[in-house]
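Let's start with one chain on its own, the form predicted on its own, as structure tokens.
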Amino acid sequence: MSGMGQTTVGVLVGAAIGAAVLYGVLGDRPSGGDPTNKEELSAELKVGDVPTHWPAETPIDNGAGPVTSDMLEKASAARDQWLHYSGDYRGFRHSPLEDLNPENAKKLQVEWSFPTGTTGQFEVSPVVHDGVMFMTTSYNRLMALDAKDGTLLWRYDHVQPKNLRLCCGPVNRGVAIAGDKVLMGTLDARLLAFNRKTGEILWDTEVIAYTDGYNLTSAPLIVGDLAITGIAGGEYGTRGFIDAYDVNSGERVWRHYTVPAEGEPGVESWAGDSYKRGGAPAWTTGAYDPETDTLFWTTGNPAPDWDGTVREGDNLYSDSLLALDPKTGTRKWYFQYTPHDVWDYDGNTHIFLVDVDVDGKPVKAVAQANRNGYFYLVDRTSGKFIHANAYVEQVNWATIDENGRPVVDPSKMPAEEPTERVCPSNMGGMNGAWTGAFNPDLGLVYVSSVESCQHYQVGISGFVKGMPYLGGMPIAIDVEAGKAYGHMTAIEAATGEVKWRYLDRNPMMAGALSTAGGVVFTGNQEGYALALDAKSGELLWNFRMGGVVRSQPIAYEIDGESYVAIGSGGWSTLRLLSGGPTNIPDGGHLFVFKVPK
């Protein structure tokens, strides 16, 4: 390190430590993890058998009945329920509650709260049905709570193996609900179904061997009798896929690989046999269009992340939007956002199925604020590119041509000794770890964003099954220099034009909720829940919850009264790379607010 200044050394060492812990190479469990392995708990507490499952004493039944396909399709109009991770099949995360408006938002008060008892990011989007809230935490703790007062009704703690392979923390973002079943994916790559009334396990299916580097971190999507879920693990040189499971039996119905095999279309976009270690994970929850019976899912980075020399080509179908037949998993079309991604930009941020007017003509489209800094509009009937506009303030890695393909600035490629400041960082812009929202009345998409640039350094990319396969690392120069900041941004879906920004001195990394009353809910890394005016971005209300806000807010109504649920709790390790206060302790806590009468 001769010739390096003290600051440069600090950046490199800090980034190296952060990346090492983040991608799981300093141990089997991330720093600050919970001892959720049953044997470890017993040894530490010196007791014989520690309980990990507390079913309900009596079945829960408030008269709503099972969740039907019709209810899932009409979820956007439901006032007393929140049935999807993204609010509805279209991904709008828009509540029909009119009394969550700019005037009432200023009056919100805490109605109840509940601790998670776990560390790591608390990124949940709860599900609410029949007056019950189903909430997951990091390390796969699942709880059923009375949605009105927070009473614990049943609880399940998944016993994790000692040798988990985790990329980016022990996160779980929520459950799916179908009939009288609640479904959760686990860090050890299993899919579990529970009786929603009792908490009893109905079936437990191994999706794939977690020891190869696989996890399930996001909520499944229910389409008909199928639970559809994508796998995480792109940082381990795995082969990404999207699966569909029979809700009633837990049996797999189909698997769609996101990286082609030998002889399949797209394999020519991978040099040599690099497709065998191609990555392209599918770890966010997709969307569904009942009108055309089309499933939309997105994919992440190719592997290794930052060394593209070992995988020359476009690397299909990484960093892509896929349109699939939900019954068979057959691909109808694809659109690739970032061919040959060497910045870890992924393609799997939140998507919205919007109907907009473009040049005076109605268009059925998929809108997405991509991690690469551009807001895309793609025709959802054909996959044809419509337009892309920068939605963050700093984008310099590429421009986008008339076909939607990036025109890369060669100076912004990763290097062994990087000197170019590349924007955005590998965190985004927006990131698939948190959600956006769409207000269909205003035509505005709301996204929390990171404004931070990095150096991208190429390193050694040796593949060993079950170990991180990175080929380099990002160097968080803006974080070290105190230049990283964030904003909540409102984007006109039809044009990609930024309408307003709410600026924050730290990167904003929480999800969003829109309401029919004209409010946007989110949170920041100083631990505040926030309510903003949907039309102007004006701050209406804030409440200090304590922990960093990384969750996805939801809203629901009980007995004519409106509630907003927001979780607090981050992971300090991640903030070494993203920016944000590192002195706030980890630990999750859910807060539920109500407009007082």
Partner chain sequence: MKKTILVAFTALFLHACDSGGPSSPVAGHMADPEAVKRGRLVFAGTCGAYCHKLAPGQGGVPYLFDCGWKHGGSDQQIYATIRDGVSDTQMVGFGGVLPGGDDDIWKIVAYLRTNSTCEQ
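All values derive from a computational prediction rather than experimental measurement. Numbering follows the first chain given and starts at 1.
What comes next is about the form predicted together with its partner chain, which does not appear here.
Enquirer: Check, residue by residue, if Pro102, Ala555 and Ala565 all come within 4.5 Å of its partner chain in the model of the complex, counting heavy atoms only.
Expert: Judged in the model of the complex, none of Pro102, Ala555 and Ala565 sits within 4.5 Å of its partner chain.
Enquirer: Between Gln525, Thr489, Asn426, Ser320, only one gets a heavy atom within 4.5 angstroms of its partner chain in the model of the complex; which residue is that?
Expert: Only one option qualifies, and that one is Asn426.
Enquirer: Could you tell me which one of Leu153, Val128, Leu470, Ala176 places a heavy atom within 4.5 Å of its partner chain in the model of the complex?
Expert: After the contact test, the surviving option is Leu470.
Enquirer: Is Trp306 close to its partner chain in the model of the complex, meaning a heavy atom pair under 4.5 Å apart or at it?
Expert: Residue-level check for Trp306: yes, a contact with its partner chain.
Enquirer: Within 4.5 Å, heavy atoms only: does Arg165 come near its partner chain in the model of the complex?
Expert: Yes, contact at 4.5 Å.
Enquirer: When the contact criterion is heavy atoms within 4.5 Å, does Val458 count as touching its partner chain in the model of the complex?
Expert: Yes, contact at 4.5 Å.
Enquirer: May I ask you to state whether Asp341 is within 4.5 Å of its partner chain in the model of the complex, using heavy atom distances?
Expert: Flag for Asp341 set to no.
Enquirer: At 4.5 Å between heavy atoms, only one of the stretches 568-576, 529-537, 65-73, 546-554 reaches its partner chain in the model of the complex; which one is it?
Expert: Going through the listed ranges, the match is 568-576.
Enquirer: Using the arrangement in the model of the complex, list in sequence order the residues of 412-429 with any heavy atom within 4.5 angstroms of its partner chain.
Expert: In sequence order, Glu416, Glu417, Asn426 come within 4.5 Å of the partner.
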